[in-house]
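First, one chain by itself in structure tokens, the form predicted on its own.
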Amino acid sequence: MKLPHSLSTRREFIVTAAGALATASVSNVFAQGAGKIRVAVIGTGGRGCDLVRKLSTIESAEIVAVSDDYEPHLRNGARYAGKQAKTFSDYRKMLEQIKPAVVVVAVPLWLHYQVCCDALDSGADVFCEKTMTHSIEEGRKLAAKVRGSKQVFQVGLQRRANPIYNQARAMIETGMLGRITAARCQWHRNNNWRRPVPVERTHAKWNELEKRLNWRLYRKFSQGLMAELGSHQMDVINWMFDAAPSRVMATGGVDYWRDGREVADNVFCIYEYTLKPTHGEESRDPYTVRVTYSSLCNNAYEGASELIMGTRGTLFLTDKKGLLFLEKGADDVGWVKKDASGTNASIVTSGKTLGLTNDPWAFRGKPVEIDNEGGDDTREELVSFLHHVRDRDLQTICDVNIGLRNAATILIANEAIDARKTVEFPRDLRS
């Protein structure tokens, strides 16, 4: 959503945003369209089947085909898609015979570029799961192809469809956090990231099948934790800052799950961003903000979250809940009301209820809570994409340019880990 800079006060912005989102959500607007959009899904593994399930709940989407070259995955995809969907082990035959209007690409990362190109060549609009491409060079070529095609393209970074993150963007844009000074992101889990192989190790095809199912663990097919997890959170930072990083320092390794994998089981990064002062600051000189990112496979403390810190307040963000902590001594932002007893009362912004948590960390003060417990940002990103397809609007919530910037952001971190040195963000992709 483009933020209305002309609004005179922060309160006016919040009230306007609340009314707009509450009365005209993406889902409701799209449901008014006539006819169905013919959708095919390529890649029906875990994530692909999740997308199929979401699509099956969208009234204006008709799943006409699913494709996967691994029969168990194809069988699962067909079950979720419904009897009307045809099945194909060869996606190229599917594109030729079915000629879908929309193709959803959920194949392993190393195949993204070629499958997206083939789908675009077939004339389809394309939704591509993150990360957009396996390399920056592939990303540049795909971006050029999409721009030349005039077809609708969206990358699956679903936090851009989440009301919590849209609310956070509005808070930052309108100055509620003051001058942004630092950020911390993480995705911590406690599991080995392996999927079981349905044959004995002695089977002749065990090695081939193991690499197919656990492609995320091998460098030829995957870009590891940064691509599979860090892409989401670094996209949040790029979005909130409206900028790309200038450089990154990073380290990581296979230090716990020493089981033959080739990608790191832990990564730690420090990104530097150069931002311009806003919100009436006297100095107009650019300044540096540092963002830390970590991902673990042996400890799940605090899970996946982003922490954005400013001179007036701090935002703690997850996909289901957000917390705003105001700094002590910060001016009244003009939109937190107090009831007769003097305590802060709940309010509504962006169609979501904000209220004080009953169990805050005392030293951080009482946070304002942004709740999205019943939300489904994966479904909403698909709804938004189909809405853009219907309107022939190329400016999706995560278009090819955003996808390329995101890919470069996470890929330079992997480069920094491998080279053991600071890596600059490509200058041609900064604007």
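In this text, residue numbers run from 1 along the sequence as written. Everything quoted here is computed from the prediction, not taken from an experiment.
The discussion below concerns the form predicted together with a small molecule, not included here.
J.: Contact check in the predicted complex: G178, M240 and G313 versus the small molecule, with a cutoff of 4.5 Å between any heavy atoms. Do all three pass?
T.: No, none of G178, M240 and G313 comes within 4.5 Å of the small molecule in the predicted complex.
J.: Only one of P245, P100, G139, G156 gets a heavy atom within 4.5 Å of the small molecule in the predicted complex. Which one?
T.: Here the answer is residue option G156.
J.: Taking 4.5 Å between heavy atoms as the contact cutoff, choose which of E306, E129, D235, D265 touches the small molecule in the predicted complex.
T.: Contact residue from the list: E129.
J.: Can you say which of 54 to 62, 401 to 409, 41 to 49, 387 to 395 gets within 4.5 Å of the small molecule in the predicted complex, counting heavy atoms only?
T.: Of the options, only 41 to 49 has residues within 4.5 Å of the partner.
J.: Taking 4.5 angstroms as the cut-off for heavy atoms, does Y271 touch the small molecule in the predicted complex?
T.: No, no contact at 4.5 Å.
J.: When the contact criterion is heavy atoms within 4.5 Å, does L111 count as touching the small molecule in the predicted complex?
T.: L111: contacts the small molecule in the predicted complex.
J.: Does the small molecule come within 4.5 Å of any heavy atom of L317 in the predicted complex?
T.: Because no heavy atom of L317 falls inside 4.5 Å of the small molecule in the predicted complex, the answer is no.
J.: K86: heavy atom within 4.5 Å of the small molecule in the predicted complex?
T.: Heavy-atom contact with the small molecule at 4.5 Å: absent for K86.
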